[in-house]
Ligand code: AMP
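To begin, one chain is listed below as structure tokens, in the form predicted alone.
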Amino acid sequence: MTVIKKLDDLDIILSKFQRKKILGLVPTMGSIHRGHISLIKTALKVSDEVWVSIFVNPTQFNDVNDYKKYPKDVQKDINQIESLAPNIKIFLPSVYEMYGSNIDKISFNFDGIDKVLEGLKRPGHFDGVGTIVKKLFEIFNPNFVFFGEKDFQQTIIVQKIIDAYFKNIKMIICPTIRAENGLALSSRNSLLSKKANKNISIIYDSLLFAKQNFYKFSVKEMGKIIKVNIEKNPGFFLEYFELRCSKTLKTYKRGNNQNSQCRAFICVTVDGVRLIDNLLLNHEN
């Protein structure tokens, strides 16, 4: 297993990579779970060489405490990745290695995509995402990059970075991997208490309810029902439930968007832990 921590060492290895071959990059913030594993497995199928980056990026956190308590277990991550295939390579840089002494982020124009949903709740978050993604893409110049559908808004942001700076890169979006209770797998899930986990299925159940009743209730009625069902559980708070067009993330309005894919987005705070999810509700006509 190759684990590289320094950019200089990484440059030496990448300089020897034959560009006729396919290089796949799986960017992660560590705390590897089955969702990450599915991304890596997909990368192994289509790439000659697979790199997994593990880096908790400080510039995408607008809450210092959230950054500090983000779950980390580097050795466990390395062991899990190695168990998939010993030839996978890991990039494990420090904050200084990626940012130097000036931990700052680039200000991007994302055409408003960064101002809704998570962007509204976490100002500057997607500038931080864009900054680290751009850095990683410049370093690796991969053929393929792999991201999960759970962070759907993030995939649109990443695609905008690709369109603006990296025409040669193709992003592959992999399906959301869920626990038996329907909860979308996330590194933050490890912060949930056993008590919270007992009722956590209400999040995915709410998305399924929206899909099953897409034509029965208005968006407002649907939101009210979902809010009541979620918040009857102690410690659960619905931050947002919204229907938006998959391609543009503009608010979905029946009549105006009949030929567009509608996706439901939800964020629930459970005992202080923010959990996001989304689900496609219809298909284009």
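Note that residue numbering follows the sequence shown and begins at 1. Note that the structure is predicted; figures quoted are calculated from it, not measured.
The same protein has a further form, the form predicted in complex with the named molecule, not shown here; the description that follows concerns it.
The chain is drawn here without the named molecule; in the model of the complex, the stretch among 192 to 200, 85 to 93, 143 to 151, 104 to 112 whose residues come within 4.5 Å of it by any heavy atom is 143 to 151.
In the model of the complex, at least one heavy atom of H36 sits within 4.5 Å of the named molecule. Proximity of F236 to the named molecule in the model of the complex falls outside the 4.5 Å heavy atom cutoff.
A residue is said to contact a partner when one of its heavy atoms sits within 4.5 Å of a partner heavy atom; V116 fails this definition for the named molecule in the model of the complex, lying far away.
None of the heavy atoms of L44 is located within 4.5 Å of the named molecule in the model of the complex. For the options V133, L207, A184, M98, the one in contact with the named molecule in the model of the complex, meaning a heavy atom within 4.5 Å, is A184. Shown here without the named molecule, the chain has P27, T28, M29, G30, H33, G35, H36 in 20 to 37 lying with a heavy atom within 4.5 Å of that partner in the model of the complex.
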